[in-house]
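Quick setup: one chain, the form predicted on its own, written in C-alpha cells, and binding and motion questions come after.
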C-alpha cells in the first residue's frame, strides 16, 4: 500500500485527534491521509515534510494551495518537469513530467511539526512508494526532516549523510542520488534562508543529473 487510505487511521493518536478537530472546523476539506502526485514511472521523487493545514489537507494533493507549492511547482514547470497552469486545486489540469511528489508524513500535523513516532508510523508507505518506482534515480528532500525520513526508510544512518542545502549523497545500495534542499516554506523564503534563485539551482541540477 503506497499511502494510508483509512480516514480512521489510529497509528498516530495526536494526528488522529487533530484530524477529528479539523473535520469539525473545515467540513469541506479532505482531512485525511494525502495521496502522492505524479506517476510511479518518474525518475525523480520529491519528498516534503507533511501536508499543510489549508494546503494539501484541503486539496488532497501535496503542496497544493500551500505557499510552499507556489515556489515548488512554478520551478518544476520552468525546467520542464511540469506542464499546464498550477491553479492550487487538485483538478487544475497541472501535470508533472518525470517527477512524483509526496510527504514523509501523510496527515497534517499541528503547527506543521511532526514527531519521530509519526515519521516511523508513516515509514512503510514511503518505503513502498520508493520500491514501486522502477525508474527512480533521484530523491529530492525538502528539509532536514524529509532527509532523515528518506534515509531511515532506505536503511541508512542519518549520521553518515549530513543534511545541507545543495548536498548530494550517493546511496549506493539503491543506486539513488539523494539531493537536499531547504524547504520551500513561507518562513524560509521570507527570512531568505531559501531564495527562488537558490531553489532554481536545485531544480536545474536535477536536469543535469538526468
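If you're wondering where the values come from, they're calculated on a predicted model, not measured in any experiment. Residue numbers count along the first chain shown, from 1.
The following text describes the form predicted together with a small molecule, which does not appear among the structures shown.
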task = Answer with yes or no whether residue 147 is in contact with the small molecule in the model of the complex, where contact means some heavy atom within 4.5 Å.
result = no
message = Can you tell me if residue 50 lies within 4.5 angstroms of the small molecule in the model of the complex, counting non-hydrogen atoms only?
response = yes
inquiry  = Please determine whether residue 68 contacts the small molecule in the model of the complex, using a 4.5 Å cut-off between heavy atoms.
reply    = yes
request  = Tell me, yes or no, whether residue 169 is in contact with the small molecule in the model of the complex, where a contact means a heavy atom of each within 4.5 Å.
outcome  = no
message = Heavy atoms within 4.5 Å of the small molecule in the model of the complex: which stretch in 156-164, 36-44, 55-63, 23-31 meets that?
response = 55-63
